[in-house]
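Just the one chain here, laid out as structure tokens, in the form predicted alone.
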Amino acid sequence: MDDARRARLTEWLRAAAGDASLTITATSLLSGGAIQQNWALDVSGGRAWVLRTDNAATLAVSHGRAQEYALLRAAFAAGVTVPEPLFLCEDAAVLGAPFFVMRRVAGTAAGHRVVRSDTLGGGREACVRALGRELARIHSITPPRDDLAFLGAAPADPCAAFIADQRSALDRQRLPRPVLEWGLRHLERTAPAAVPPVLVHNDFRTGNIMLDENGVTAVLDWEFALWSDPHADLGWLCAKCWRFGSDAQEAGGIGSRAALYEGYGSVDDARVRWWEVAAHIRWASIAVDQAERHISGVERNLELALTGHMVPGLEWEILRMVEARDAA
């Protein structure tokens, strides 16, 4: 962070915190965050904070920082393990884009490290039970909520809403995606009955959950949250594409599905499996979108280009999962 931005930030934080003597003693850009930037701030008085703001390129479906701040506040109040949200700045003149500040927590979220550890989160089975409890707390938040009005009206049928949204996403693609269309048709034919929608994190997976040796220290990255079927979060976490190679551990590559369900409470396994197929279709669609950003020249980026190479593997998994469901 350059000196001019740091000086503007210091003045703003002094006013927000009510501390005229506040100083920033160190800043560092944290790793991760393809859509957002996360800056570690060391602040006078031994305070450790994180500032979260936009990267140059964002996704249209991603909430803005004011909306993510509101989601963090709602989750924090519901007892979800999230970093405490402290301050929100919507004045782009300070840093060039809106941002918010939250307390910094210790731990690791790196998926490739998490799935190879037998001790993070208090051990594999204890960890996924704790993840189930976190999801249950998130899903205790129900519409309507004035503070979350930006989420819009909750869908009467979350499964039908997902299918319509994904079909629209595929229709705007430059090239046809017959496997994804076929997978969507399968979901349409087998959709379960509607359930009352709740707040769904919508990206609850290994890589967005911070752990230390004792347990969960933070649920991160709320920019895709929406009202939907609670089983959508369970299906996303259990999807093979988020196991980081630890395929035998069905709950995020960390532990067993049974332990996750035990921590969560009442679970309809068949509905979770439906949402697992949905998860692969959604991630494949996102991967196609990201590759197109590179191919079109809008944003030349090797990581975006490589993301497109995941699509055939995701399509293969969709075919395998649908065949297994049809044979059952």
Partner chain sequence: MLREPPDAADLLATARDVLLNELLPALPAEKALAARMVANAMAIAARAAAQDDAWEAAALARMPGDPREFAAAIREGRFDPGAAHHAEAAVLLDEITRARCAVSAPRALGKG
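Positions refer to the first chain, counted from 1. Please read all numbers here as calculations on a predicted model, not as lab measurements.
What comes next is about the form predicted in complex with the partner chain, which does not appear here.
Engineer: May I ask whether 144, 157 and 268 all come within 4.5 angstroms of the partner chain in the model of the complex, judged by heavy atoms?
Structural biologist: Not a single listed residue reaches the partner chain in the model of the complex, so no.
Engineer: Is there a heavy atom of residue 170 no more than 4.5 Å from a heavy atom of the partner chain in the model of the complex?
Structural biologist: Residue 170: yes, in contact with the partner chain in the model of the complex.
Engineer: Is there a heavy atom of residue 326 lying 4.5 Å or less from a heavy atom of the partner chain in the model of the complex?
Structural biologist: Close contact exists here: in the model of the complex, residue 326 approaches the partner chain to within 4.5 Å, heavy atoms only.
Engineer: Check residue 175 for me: does it contact the partner chain in the model of the complex (non-hydrogen atoms, 4.5 angstroms)?
Structural biologist: So residue 175 counts as contacting the partner chain.
Engineer: Even though the partner chain is not shown here, does residue 306 get within 4.5 Å of it in the model of the complex, heavy atoms only?
Structural biologist: Answer yes; at least one heavy atom of residue 306 falls within 4.5 Å of the partner chain in the model of the complex.
Engineer: Heavy atom within 4.5 Å of the partner chain in the model of the complex: which of 86, 75, 179, 114 fits that? Just give me the one.
Structural biologist: For this set of options, the contacting one is 179.
Engineer: Out of 257-265, 297-305, 39-47, 270-278, where are the residues with a heavy atom within 4.5 Å of the partner chain in the model of the complex?
Structural biologist: That would be stretch 297-305.
Engineer: If you apply a 4.5 angstroms heavy atom cut-off, which residues in 288-320 are near the partner chain in the model of the complex?
Structural biologist: 302, 303, 306, 309, 311, 312, 313, 315, 316, 319, 320 sit within 4.5 Å of the partner.
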